[in-house]
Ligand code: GLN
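Have a look below at one chain only, the form predicted alone, in structure tokens format.
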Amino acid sequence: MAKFIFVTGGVTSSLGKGIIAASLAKLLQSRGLKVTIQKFDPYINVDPGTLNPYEHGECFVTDDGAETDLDLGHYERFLNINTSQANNVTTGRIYQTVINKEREGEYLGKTVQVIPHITDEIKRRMLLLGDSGKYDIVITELGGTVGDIESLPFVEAVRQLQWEMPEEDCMVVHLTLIPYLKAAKELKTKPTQHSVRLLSQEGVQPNVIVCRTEHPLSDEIKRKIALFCNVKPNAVIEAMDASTIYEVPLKMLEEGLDVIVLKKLQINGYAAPELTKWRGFLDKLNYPKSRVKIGLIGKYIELQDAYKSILESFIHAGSINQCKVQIVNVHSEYITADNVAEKLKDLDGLLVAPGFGSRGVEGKIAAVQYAREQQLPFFGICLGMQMAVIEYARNVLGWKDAHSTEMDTATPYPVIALMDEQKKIRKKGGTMRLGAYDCDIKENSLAFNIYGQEKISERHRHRWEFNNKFLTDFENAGLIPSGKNPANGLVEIVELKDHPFFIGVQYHPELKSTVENPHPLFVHFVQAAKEFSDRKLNIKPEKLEKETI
């Protein structure tokens, strides 16, 4: 039987519950325990798939095609495991399930209520992964903030589980904020006391309090928090701001968070934490030997969470290359043929990011043309790959009106077109091409050199595809389809032979990059950017080391 840890948050949102949950999971995993994490979100959307990136950041996609909260990306990157549909649940999905059961007569005419029907469904979902027999510990992060109306059913479900389970099988970790008042020059514990009191009023008493803070907590402050929040002083954990999220597991190790959890859950005979690879990753990350500037061309750059997995993938790739990757955000809506050279002239590499809709498309196409003509390393993901195809059609094949039918349904050269199975779809939620699909790679191609194998599997999230009607034209003109789906022949990868590094992929490689397994496309792209930078400085490039951490 698995043991359960619930992570709640108070005072304010965006404190980092996902990072604390992932860090705790990493420490427990490093001691030989089998751990997974799940996220329960209080919004009524069935999944984040239809949410604007400005609303909720990126939508993370799992192998089994679930559109989930971006925190699942943190879970996978920290633990180097795959999550699934079961790891992310929303209020919308809970209510949808209960209403469907009511429509089917499963409740035998009883009045359907928040308690017990909604809370019972929440509990069932919370215990689902634990009942699988695959895990020793299941960590459940509750989205939102204690005191929010929409969070109450989840907190009530946790209260019931605390009452139903043996004391040693369930615990609560509460993340809170200790603000620093500059005028008084002191840390204030009152918001934390109020947050814990709110949680206690709902019947849930935290076992551990993790305190986000900009300044160190003195023993006196820890004792004060412990006294007024009814926990032991060693259960008050300092969570100082870190220079990178990947330092947080080591900070939690220093604070003894994992030991407190193991004692509370009465888990004995655990091994010492094995974090050699993790420390090696951080050493390379903190002490780079070179630096590159890579332009991120997108239309959601005001919110960094919109491209969270891409940014983290660059951190992983930068570490293994011992290279500091400086991301230069460039809004595609403000790029034109007249200013593109000025905006991109100082870059060592260019990534054109995913997205939907027509806004900013012409700027992305102009950026791709610049990268192609100036021999600047180029990497296009999903829409970025499609922009590369359109640019090549317009400026090499001479089809000036070439476009995607997503933006121009009347284009005479629909080089990017809607998949046949998508044409009859009217409902948007969960209907894209989602999840992991196979891809066959051509030998002696750039993609083959990067992956080192002929067959791969990558995650997708899109509706439009390369139009195979024009495949021969592109091949004859030099744009090579180096990767195809073996089941339907759809083009997954395009590349140029006469370019130092020019590759576009229809899938989302950023979703599979982790600390222990940086994605090879990002690793080689950063290496290409280093070589481009070295050529500018007339430095002889180093050979890429084939090492993994």
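Please read these numbers as outputs of a predicted model, since none were measured by experiment. For every residue, the number given is its place in the sequence shown, counted from 1.
There is another form of this protein, the form predicted together with glutamine (GLN), and it is not shown here; the text below is about that form.
All three of Pro354, Glu406 and Trp464 touching glutamine (GLN) in the predicted complex at 4.5 Å, heavy atom to heavy atom?
Yes, because Pro354, Glu406 and Trp464 each have a heavy atom that approaches glutamine (GLN) to within 4.5 Å in the predicted complex.
Hey, in the predicted complex, does His499 get a heavy atom within 4.5 angstroms of glutamine (GLN)?
Answer no; every heavy atom of His499 is more than 4.5 Å from glutamine (GLN) in the predicted complex.
His508: heavy atom within 4.5 Å of glutamine (GLN) in the predicted complex?
Residue-level check for His508: yes, a contact with glutamine (GLN).
Contact with glutamine (GLN) in the predicted complex for Val261, defined as at least one heavy atom pair within 4.5 Å: yes or no?
Output for Val261 is no: heavy atoms all beyond 4.5 Å of glutamine (GLN).
Is there any non-hydrogen atom of Cys382 lying within 4.5 Å of glutamine (GLN) in the predicted complex?
Heavy-atom contact with glutamine (GLN) at 4.5 Å: present for Cys382.
Given the stretches 443-451, 355-363, 251-259, 342-350, which is the single one in contact with glutamine (GLN) in the predicted complex, using a heavy atom cutoff of 4.5 Å?
Residues of 355-363 come within 4.5 Å of the partner.
Name the single residue among Ser309, Thr192, Thr83, Gln386 that comes within 4.5 Å of glutamine (GLN) in the predicted complex, judging by heavy atoms.
When glutamine (GLN) is considered in the predicted complex, the option within 4.5 Å is Gln386.
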